[in-house]
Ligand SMILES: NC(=O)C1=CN([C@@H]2O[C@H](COP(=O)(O)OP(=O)(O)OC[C@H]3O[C@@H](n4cnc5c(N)ncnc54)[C@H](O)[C@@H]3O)[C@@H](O)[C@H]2O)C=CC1
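Next up: a single chain in structure tokens, the form predicted on its own.
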């Protein structure tokens, strides 16, 4: 019997290779060399990479037998997940392989910054004995602010507690009760900035978090504050940090990640009080070994047709053909729901109505949760860890099915109750022979609109002139409207404008529109990856 072929395109730990064992034909190539990689893909069943191999549409097309791509690490920047999904190729990674290493490196930078370890080390090895110059500060009784309480943020909190610190955190998608269980007090971003003696970043990099700590924020921190970033470069604005250090508004920083990498020449390096490392958060032998063994196990499961816990684009195991087209739709509904809600709900219902309800649709619940939490947490969200994310945040989730669907052959709804009692809902369907994706309801307002990359919704009191005002303001800011629909409950009552636009609407423009039309709510939604 022919063994499945596993192509290892970059260095994999011995432990990872041992997991594969004798059940597979293991080949190796230099994945960074396209002239070697593309021919080597011709008859492989699985591909294991790290970060140097670009698994793009061309590479996937060169591998007609490929069933799984495994990235021995956390990120997936070098893997075209969309192209893999279209080709029916499962993509897996090792989402928890480096969380301990990243948390420990965070603590190392906090301590190094507090006690001037690197600076004193350099001076001493240069023949200088400067005890008084490098007097540091204790962590005991200091306030540590954690931006993002995902897996790494939680591990950092656990490791800092024995130092006698007070822990506060900013995480708009975590319930206060869950944070309290960890001994952490949730606060607003500004409160954290004003109160913290140390600030450490553990947020995903997104349009919302890039530049989150910028010039305004660094004008309201304590002048004795020390900032640490082992998450993603660009979340702390490096130019703003430079100015704050130069003007004495920040006492120090520990930086492991940069907006552009590799980074060997940063203005931040001129400051003695900046401790910098070259993206070492995941660089431990243990993290590398964990990554290798985790992806090797996932490859074995995938090639055996079994359930794969770390699959990021499809659910392991069999999914009915009638259900598969609903996966991307349901994930989009979840993402739209979170954008409309502005927070994670206390409870969520995923309602599936119509003919599709006769199938096993539990995967749609997972797809909805994946959408709800995508871009919210630092970790990669999968069909497996999405329910755990909901549980960790105290979200009660229920799947509701019914064969009755008066208006559509099938319709899927994500509905949730927020902390203040408000209900938010969004429904969608796949229409016609071509299975065109449509949003058919938002917060009780009926519509038919395609969920394109950029959407916006405004709820307001029904009256003349609103459509013109919205169009004028968007035009003034160079935002082109692709489509617009107006839905209302009764004449002269409440109305909803739903828009698809060609480019993202800046948040300040959304606020301006909402203000001028007196909107009860105004939200933009960006579904682009």
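Nothing here was measured: the structure is a model prediction, and the numbers come from that model. Positions refer to the first chain, counted from 1.
The protein also exists as the form predicted together with this ligand; that form is not presented, and the subsequent description refers to it.
Placing this ligand onto this chain by superimposing the site C-alphas, using its pose in the predicted bound form, gives at least 3 ligand atoms within 2.4 angstroms of backbone or C-beta atoms, which makes the site blocked. Listed residues 137, 167, 74, 430 were compared with this ligand in the predicted bound form; 74 is the one with a heavy atom within 4.5 Å. Listed residues 116, 209, 425, 194 were compared with this ligand in the predicted bound form; 209 is the one with a heavy atom within 4.5 Å. Picking from 142-150, 360-368, 245-253, 414-422 the stretch near this ligand in the predicted bound form, with a 4.5 Å limit on heavy atoms, gives 142-150. Contact annotation: residue 234 falls outside 4.5 Å of this ligand in the predicted bound form, judged by heavy atom distances. This ligand is not drawn, but in the predicted bound form it has a heavy atom within 4.5 Å of residue 204.
Contact check for residue 326: no non-hydrogen atom falls within 4.5 Å of this ligand in the predicted bound form. In the predicted bound form, this ligand sits within 4.5 Å of a heavy atom belonging to residue 173.
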